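Take a look at this one chain, the form predicted alone, written out in structure tokens.
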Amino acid sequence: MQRYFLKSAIEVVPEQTFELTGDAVHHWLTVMRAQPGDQAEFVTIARDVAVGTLVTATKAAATVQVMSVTTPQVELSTPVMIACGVSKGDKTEQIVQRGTELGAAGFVFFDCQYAVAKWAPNKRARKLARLAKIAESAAEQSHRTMVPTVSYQPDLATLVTAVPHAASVVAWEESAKQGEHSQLVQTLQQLPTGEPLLAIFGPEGGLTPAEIETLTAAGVQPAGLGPRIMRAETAPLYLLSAVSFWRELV
């Protein structure tokens, strides 16, 4: 069943109706060719999920009757903020799309010394808007009850202070090369359920020793992610999978 996120504080009550507007109307009616009697799921700002039936529609709005309302628990019990150095090509899009499917709470992209790609200031807002749209589509596809945030910070020092977190790790290839394999587990063991984790990853060229020093001075723990060295777009997905296993399957 198609899922859409409601952008305003709409109250959904069984047997009552609400008005659907915005991009969801275009997609449901034009792209999906919905007809009166068809159903879809609508996620409220409060993360309730309403099953609604299309009653009437115009090009700009649709009247939807609420059939049922549930509050499914599908989000990671540890909110994970993924912070990545800006990468070239479509790697940032891959991280956002697949990271959303794996449960990330948000994404932060930052500039660093070894980054090959740079976001020009006049193009930054457009790039973030596109990534936010990708996150919303992936959240709909994976039937989540929230859309991850997508933002930008100019450097690592600003990032660590700007992003709220209860614990933080940086995936560092030197830790992996040295055989370190317990820091991530220790962090998750000590992190109370519901408290946010900030996970930092470098771009294709990694992070410099000076950048690692900046992070460790701010309390960020270097962590190896196993004995293999992963690509910039793979490492965040590995970490999210590890958190999911630890919190949801063990």
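Residue numbers here begin at 1 and follow the sequence given. Only a predicted model underlies this, so the values are computations on that prediction, with no experimental measurement involved.
The form predicted in complex with a further copy of the same chain exists for this protein as well; it is not shown, and the discussion that follows is about that form.
In the model of the complex, the one of V86, L76, M81, L131 near a further copy of the same chain [non-hydrogen atom within 4.5 angstroms]:
Looking at V86, L76, M81, L131 one by one, just L76 meets the 4.5 Å heavy-atom criterion.
Within 4.5 Å, heavy atoms only, which of Q141, Q113, T158, T149 is in contact with a further copy of the same chain in the model of the complex?
For this set of options, the contacting one is Q141.
Contact test, all of Q97, H181 and E233, partner a further copy of the same chain in the model of the complex, heavy atom 4.5 Å:
Spot residues vs a further copy of the same chain: full contact, yes.
From the candidate stretches 118-126, 150-158, 163-171, 99-107, select the single one in contact with a further copy of the same chain in the model of the complex, where contact means a heavy atom within 4.5 Å.
It is 99-107 that comes within 4.5 Å of the partner.
Answer with yes or no whether M32 is in contact with a further copy of the same chain in the model of the complex, where contact means some heavy atom within 4.5 Å.
Residue-level check for M32: no, no contact with a further copy of the same chain.
Should W246 be counted as a contact of a further copy of the same chain in the model of the complex, where contact means heavy atoms within 4.5 Å?
Yes, contact at 4.5 Å.
Touches a further copy of the same chain in the model of the complex: V185 (any heavy atom, 4.5 Å):
Heavy-atom contact with a further copy of the same chain at 4.5 Å: present for V185.
Does Y238 reach a further copy of the same chain in the model of the complex if we count a contact as any heavy atom within 4.5 Å?
Judged by the heavy-atom cut-off of 4.5 Å, Y238 is in contact with a further copy of the same chain in the model of the complex.
What residues of 215-231, in sequence order, lie within 4.5 Å of a further copy of the same chain in the model of the complex by heavy atom?
Heavy-atom contacts within 4.5 Å come from G224, L225, G226, P227, R228, I229, M230, R231.
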